[in-house]
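Shown next as structure tokens: one chain only, the form predicted on its own.
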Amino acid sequence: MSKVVEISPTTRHEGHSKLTLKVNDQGIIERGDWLSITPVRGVEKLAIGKTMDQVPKIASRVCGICPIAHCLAGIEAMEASVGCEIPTDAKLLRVILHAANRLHSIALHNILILPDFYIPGTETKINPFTKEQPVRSVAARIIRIREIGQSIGMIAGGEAVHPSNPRVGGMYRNVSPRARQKMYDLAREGLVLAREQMEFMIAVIRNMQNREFTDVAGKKIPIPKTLGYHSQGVMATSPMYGSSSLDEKPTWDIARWKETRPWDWYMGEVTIDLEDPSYPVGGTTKVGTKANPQMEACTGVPTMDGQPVEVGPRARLATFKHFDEKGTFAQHVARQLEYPDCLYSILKCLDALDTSGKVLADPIPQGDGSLGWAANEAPRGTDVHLARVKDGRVLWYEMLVPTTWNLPTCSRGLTGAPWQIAEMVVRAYDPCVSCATHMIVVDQENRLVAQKLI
């Protein structure tokens, strides 16, 4: 007989989310719903009436983890709407900024997931903050990789968190020859460290993949060989940067996209009837609590050809590099394989960059209300922004961020896993839940709950 257990909130990722899980008598998930419960930012509504220069900066404030992806996707959506082609050297600086952000993000994710894993050859789980070797040296390497990524991002973007240099039409300023050399030196140092970290992480991931059990709150929990498997497709627009509707051959098809409300993808009202006070940290939701994923999910559900898709590192490698592994561990491995690609991309762009080159288009069109879109391959996956700009003002704006795509896809991937390791499946997506929270469901005399299509 099925029971319902709830993990709220989930931990070691950005934002607030929860898992509502129907499980069988053996504790195996029969149906899982992973949903955002983060307060709504309302960026798309704030954008209306603002200038096309203001909106990408506002969009970057939806989150402090991936503001660079949102800033670049937002700017390029504006450029696509108004039909503005930017200079080559401006694009090179954007790719450098983007790759530096991805490098930093991979390293940050290493810290968040390592407590789920064991030091190979031992029964000791990894504490990334311990003073003991070899983990101490690994933590120092992660910190330095993050520092390199942030430093390169600060030089190319103006700031490492909310970049001030990118703007509609290109960049405010080029970098000096000295700054270019500084980024080059940092990237060469980072490439050595990234290779070392990639090899370490893959060894740790493969060790976990070959284990039969993991310890959760003192209990041995079996690890399925198919952990995180799902039957949904994958979506990616580029191995590194992205695409837009200005491209001669765009790699995202807007005609295949549709966005719906949660009703088709989440469970209705349920009552929690399974509780585990020992589950870390603080236990699961108490028995008798009511839950309603359809009403609590604070995100729309974007679909391609009517179905959710997986986006992120595994999707990129599967699309562009013939990577054929599946599931949670494949997502982890794919993310580590992107480490050196970040540095190679930075070095390649620096080789091509002319520090005396033009970085701002002239003139910059003001727009006639045409629809434009841009997809940035953010650390967590395809980040699509869509815009209509007329006379320099935004008429309409939409953000289809990576975790928005992944929430329903991951929910499907929870099936068949012991509920105690459901969070391991979630963390493999490196979720940014604040970015994905774009709506609030209101039951006002049933007037809104009947609407399915956004």
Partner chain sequence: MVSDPYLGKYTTCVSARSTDKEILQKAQDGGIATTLMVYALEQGIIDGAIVAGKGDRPWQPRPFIAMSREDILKARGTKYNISPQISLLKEATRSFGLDKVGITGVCCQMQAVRKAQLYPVNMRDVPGKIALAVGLFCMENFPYKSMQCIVEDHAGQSLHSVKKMEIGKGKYWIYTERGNVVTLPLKVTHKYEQPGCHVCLDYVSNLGDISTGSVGSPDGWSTVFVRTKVGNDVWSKAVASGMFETKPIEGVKPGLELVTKLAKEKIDKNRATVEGRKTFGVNKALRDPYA
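Nothing here was measured: the structure is a model prediction, and the numbers come from that model. Numbering follows the first chain given and starts at 1.
Just so it is clear, the following notes concern the form predicted in complex with its partner chain, a form of the same protein that is not shown.
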| query | finding |
| --- | --- |
| All of 160, 175 and 179 within 4.5 Å of its partner chain in the model of the complex, heavy atom check | yes |
| Candidate from 135, 274, 361, 154 lying within 4.5 Å of its partner chain in the model of the complex - any heavy atom | 154 |
| Residue (of 345, 303, 150, 214) lying close to its partner chain in the model of the complex, criterion heavy atoms within 4.5 Å | 150 |
| Partner-facing stretch of 266-274, 200-208, 166-174, 76-84, counted where any non-hydrogen atom is within 4.5 angstroms of its partner chain in the model of the complex | 166-174 |
